[in-house]
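Below sits a lone chain in structure tokens, taken as the form predicted on its own.
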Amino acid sequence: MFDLEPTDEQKLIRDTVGSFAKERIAPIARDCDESGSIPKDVVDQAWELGLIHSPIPEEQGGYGEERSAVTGAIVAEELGAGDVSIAMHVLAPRLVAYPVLDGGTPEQRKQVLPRFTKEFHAATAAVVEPRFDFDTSRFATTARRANGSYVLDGQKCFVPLAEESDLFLVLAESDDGPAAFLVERGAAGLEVLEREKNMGLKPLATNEIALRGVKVPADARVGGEAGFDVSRMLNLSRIGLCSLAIGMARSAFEFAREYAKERKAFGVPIAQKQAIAFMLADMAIEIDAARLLTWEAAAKLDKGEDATRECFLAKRYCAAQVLKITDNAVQVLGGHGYIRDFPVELWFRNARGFSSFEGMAIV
């Protein structure tokens, strides 16, 4: 069992991040989608909320606050309600900082974590591979030992902020299973390819990267020779992605509900039509169900338990429901749902990608 009532601290965090998302992120989401870029001042303002460096220990320049997957889920949902692309951008440095915080060696923590405590510092993780049989339990990207070093070979896609990041966390298959490696920008054999042209997430710069015989020292392996729990990192990522999806689904539902109250057909609001009312009710139910699955998995992770099953099921469910809910929002608006004057088509495009996303957010 777990408590569904947020603590006073979690409520304060939710309200603070929610207000920021509503006042600063949501109003620029459409312009960002059209321009394919995100204003630096918004990114800097998001960083000032402590979204990256709060749990980093004080000795590395952070605030040393307790980290919780449930709290992280609350934060991601509020940001996702503003805009998923902007949320992924401002949270991207976590993809390196948090795995190092969780499983890095003392030396890795000392070298890496201070980078994220002064200002927004672009860093990213390379997880997804451009293969039809991509499997997070066995990566096609390989890491083989060679004279006290590791040599990385493979290709990754959906790598956020790849063009501006100076540090990459690369997941690869080693002799003893999945492992994570810290690769500095400029490493010989590391190539950032052209920016991807995606159906959704247009403001978020994502790229494919190629690793062709990239040689890194043995101490670049996160956790050292003992490694660290890659499965837990992926589970924390799934919680983040679920929460972003829930936030966006919530915005789509609320927008469609208000539209249905105002739009009239045959003299009455369409919200009073049974087909529309039932559709909106189903949307509300599925949002709550998705959040329940996500928080249950997050609570289990907070207890230090294995939540792979729960996280996987939550991810599958959220990916399916966010697509259904945003599609329903388009239907509620009718012809207006298909044009760019309204945000529902943007949410629908973004929702389509969640079935493919892995490792693009973390709590």
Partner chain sequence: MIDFELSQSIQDQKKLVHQVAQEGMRPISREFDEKEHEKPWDFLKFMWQVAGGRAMTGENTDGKPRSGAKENTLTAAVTIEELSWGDAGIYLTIPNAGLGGAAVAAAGTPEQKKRFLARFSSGEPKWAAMAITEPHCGSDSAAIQTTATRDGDHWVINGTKVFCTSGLMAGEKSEGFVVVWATVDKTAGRGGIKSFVVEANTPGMKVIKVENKLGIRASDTAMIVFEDCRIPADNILGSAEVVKSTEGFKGAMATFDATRPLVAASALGIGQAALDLAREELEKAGRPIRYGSSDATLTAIEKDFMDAESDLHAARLLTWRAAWMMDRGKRNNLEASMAKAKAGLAVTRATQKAVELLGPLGYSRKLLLEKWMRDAKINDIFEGTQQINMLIVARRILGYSSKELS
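Residue numbers count along the first chain shown, from 1. None of the values given here were measured: they were computed from a predicted structure.
Note that the form predicted together with the partner chain isn't included here; everything after this is about it.
Contact check in the predicted complex: 263, 289 and 317 versus the partner chain, with a cutoff of 4.5 Å between any heavy atoms. Do all three pass? All three within 4.5 Å in the predicted complex.
Hey, in the predicted complex, does residue 45 get a heavy atom within 4.5 angstroms of the partner chain? No, residue 45 sits far enough from the partner chain in the predicted complex that none of its heavy atoms falls within 4.5 Å.
Is there a heavy atom of residue 269 no more than 4.5 Å from a heavy atom of the partner chain in the predicted complex? Yes, residue 269 lies within 4.5 Å of the partner chain in the predicted complex.
Please run the contact check for residue 12 against the partner chain in the predicted complex: heavy atoms, 4.5 angstroms, yes or no? It does not: once the partner chain is placed as it appears in the predicted complex, residue 12 has no heavy atom within 4.5 Å of it.
Is residue 273 close enough to touch the partner chain in the predicted complex, meaning at least one heavy atom pair within 4.5 Å? Yes.
Exactly one residue in 255, 181, 150, 158 has a non-hydrogen atom within 4.5 Å of the partner chain in the predicted complex; which is it? When the partner chain is considered in the predicted complex, the option within 4.5 Å is 158.
Heavy atom within 4.5 Å of the partner chain in the predicted complex: which of 108, 174, 136, 117 fits that? Just give me the one. None of the other options qualify; the answer is 136.
With the partner chain left out here, work out from 195-203, 87-95, 108-116, 181-189 which stretch has heavy atoms within 4.5 Å of it in the predicted complex. Residues of 195-203 come within 4.5 Å of the partner.
Where, within 223-240, is there a heavy atom within 4.5 Å of the partner chain in the predicted complex? Residue list please. The stretch touches the partner through 238 alone.
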